[in-house]
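So this first bit is one chain, no partners, the form predicted on its own, shown in structure tokens.
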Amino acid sequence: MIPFEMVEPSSLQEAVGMLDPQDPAIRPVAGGTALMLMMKAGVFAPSRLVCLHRIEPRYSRIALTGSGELQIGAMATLSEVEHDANVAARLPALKRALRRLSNPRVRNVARVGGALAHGDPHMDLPPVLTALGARVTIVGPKGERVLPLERLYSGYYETVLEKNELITTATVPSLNGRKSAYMKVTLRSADDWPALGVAVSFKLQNGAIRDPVIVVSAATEKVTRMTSTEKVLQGAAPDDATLARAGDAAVAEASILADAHGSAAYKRELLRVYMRRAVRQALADDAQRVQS
């Protein structure tokens, strides 16, 4: 690798000040699991890495707010989120997703902020948190802004983050009875990069689906909210006919990309099937919790 400078600021504001929006060779690094792979492959050659490990401890905390929202610090590791008691009790779909997110060695190092900011559509955390209605807090030289997570992604490996902005927190609202699930399809091991990811969240009132959120990833160029598919589900009973229509609607709506994980035709068929399965999984998980 080409030599580079490594700096370790002791505060978030100091870290922001070390980033240069005009110099793409300067990058922040948290866990570095994705960035180091890019460097080893020669895809990215930094002039400076701004290591975030010494910034304020509050950016590593996972805590409930008074309103029942869960605040996840950007510097929390994926393993810390996976094993957090509040995540297990309040966001079981997130806990299950993390168990199949790469392997324990990666989860012990990778940080929430990096997993969200990297912009790789194959990552599991962004679609799950998007379906759960998460928002991110972003800090830069101009101050702080809050953004729904679904608006963070603008294209393939692209986000709306400025080069001198950092994600500080991901906030997940209380489910308030909403059902949720995330399903991914891998070609090799269960923790491999997915060919398709489908995350769902919805209410069930009087036997009908209300306010559904459907998110597709991996097969698309970015984390994608499926608004037309949501309209098919809105107000409908989650029976076989409805879910079949939703699967067809998702295939018609999504712009599917072919890659090493499969052809576009193959991924479209996966989406048709797993759209239905994700909704059923959310319903089944909820029934199991009630019985237990």
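When you see a residue number, it is the position in the sequence shown, counting from 1. Worth saying up front: this structure is predicted, and the values here are computed from it rather than measured.
Missing here is the form predicted together with a small molecule; even so, the following discussion is about that form.
Taking Val185, Leu175, Val87, Leu161 one by one, only a single residue has any non-hydrogen atom within 4.5 Å of the small molecule in the predicted bound form, and it is Leu161. A heavy atom within 4.5 Å of the small molecule in the predicted bound form is found for exactly one of Leu94, Ile214, Leu78, Ile72: Leu78. Residue contact with the small molecule in the predicted bound form: Arg225 places no heavy atom within 4.5 Å of it. Although the partner is absent here, Thr242 sits far enough away that none of its heavy atoms falls within 4.5 Å of the small molecule in the predicted bound form. Within this chain, Ala117 lines the site of the small molecule in the predicted bound form, having a heavy atom no more than 4.5 Å away.
A residue is said to contact a partner when one of its heavy atoms sits within 4.5 Å of a partner heavy atom; Ala236 fails this definition for the small molecule in the predicted bound form, lying far away. Comparing 243-251, 22-30, 226-234, 257-265 against the small molecule in the predicted bound form, the single stretch with non-hydrogen atoms within 4.5 angstroms of it is 22-30.
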